[in-house]
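Listed next as structure tokens is one chain, alone, in the form predicted alone.
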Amino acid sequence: MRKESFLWFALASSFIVLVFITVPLLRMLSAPSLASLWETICEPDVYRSIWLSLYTGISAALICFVFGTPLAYLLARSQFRGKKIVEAIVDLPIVIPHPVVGIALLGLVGKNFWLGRVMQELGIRIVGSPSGIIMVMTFVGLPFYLQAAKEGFASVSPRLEHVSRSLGASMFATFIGITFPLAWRSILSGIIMCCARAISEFGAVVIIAYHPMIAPVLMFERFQSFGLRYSQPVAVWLIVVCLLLFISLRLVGRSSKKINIGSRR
């Protein structure tokens, strides 16, 4: 009897959670008319902001992939003094308020700090540029990639790597030939999560680069200036484009899994 009561409670709670998530999104997707959606996407500011969001988000995810993969592998395979501190530092961007991230990065690359002055003298522009947006997105998206990649590497048995090394393969060849292919799906999930987190960033981006505008900033400006009606179509287009992007990445991951299964046979 108690078990049945708990089951009904779990079902009711699950239904409430799903309704809480889906109803606002469905309401937003159905609010704009097809005419307003078409009119919105034809505006140069709108498709430029959506393209900038995708470009900077994907760039940030690729940077996390290149520079974060070695760290994720190290955290998954090594035990060393201070590892918990390193993991806490890696996860820190998740809990820091978004405006604080923007202020911290602005203090680093702004003209009041030596690094910012050196970059300015070299002609490297961070504040108010796509480079600054990518820097912010990389900062906030990196923990999501590292967590997923670390779990993927941890799921690969170290015995497989030991066998490869005992047969004469180098550590790099073992990583490329054994570890990376087996952890590929987790790495792809990390890239997707990092990209999604990067594209959704707003609070830190507006401090580093209000212009050029990414889609969330454009939505905020339109909401402040014209209200809900003019900000919703931009949000709908961004959701549609991101959904298509993530479906494509998932299909790539599924095809890679089939290739790996076929090669094992």
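Everything numeric in this text was worked out from a predicted model, so none of it was measured. Under this definition, the rigid core comprises the largest set of C-alpha atoms superposing within 1.5 Å between the forms. We number the residues from 1 along the sequence you see.
One more form of this protein should be noted, the form predicted together with a further copy of the same chain, which is absent from this view; the next part is about it.
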- Task: Using a 4.5 Å heavy atom cut-off, state whether Gln120 contacts a further copy of the same chain in the predicted bound form.
- Result: no
- Task: Classify Phe144 as contacting or not contacting a further copy of the same chain in the predicted bound form by the rule of any non-hydrogen atom within 4.5 angstroms, answering yes or no.
- Result: yes
- Query: Given that the partner is absent here, does Phe139 sit within 4.5 Å of a further copy of the same chain in the predicted bound form, heavy atoms only?
  - Reply: yes
- Would Leu244 count as touching a further copy of the same chain in the predicted bound form under a 4.5 Å heavy atom rule? no
- Query: Taking Phe9, Leu92 and Ile103 as the candidate spot, are all three within 4.5 angstroms of a further copy of the same chain in the predicted bound form by heavy atoms?
  - Reply: yes
- Scan 94-132 and write down, in order along the chain, each residue with a heavy atom lying within 4.5 Å of a further copy of the same chain in the predicted bound form. Ile94, Val95, Ile96, Pro97, His98, Pro99, Val100, Ile103, Ala104, Leu105, Leu106, Gly107, Leu108, Asn112, Phe113
- Message: Given a core-based superposition, decide whether the C-alpha of Leu243 shifts by 2 Å or more between this form and the one not shown.
- Response: no
- Verify the C-alpha shift of Val23 between this form and the one not shown: is it 2 Å or more after superposing the core? no
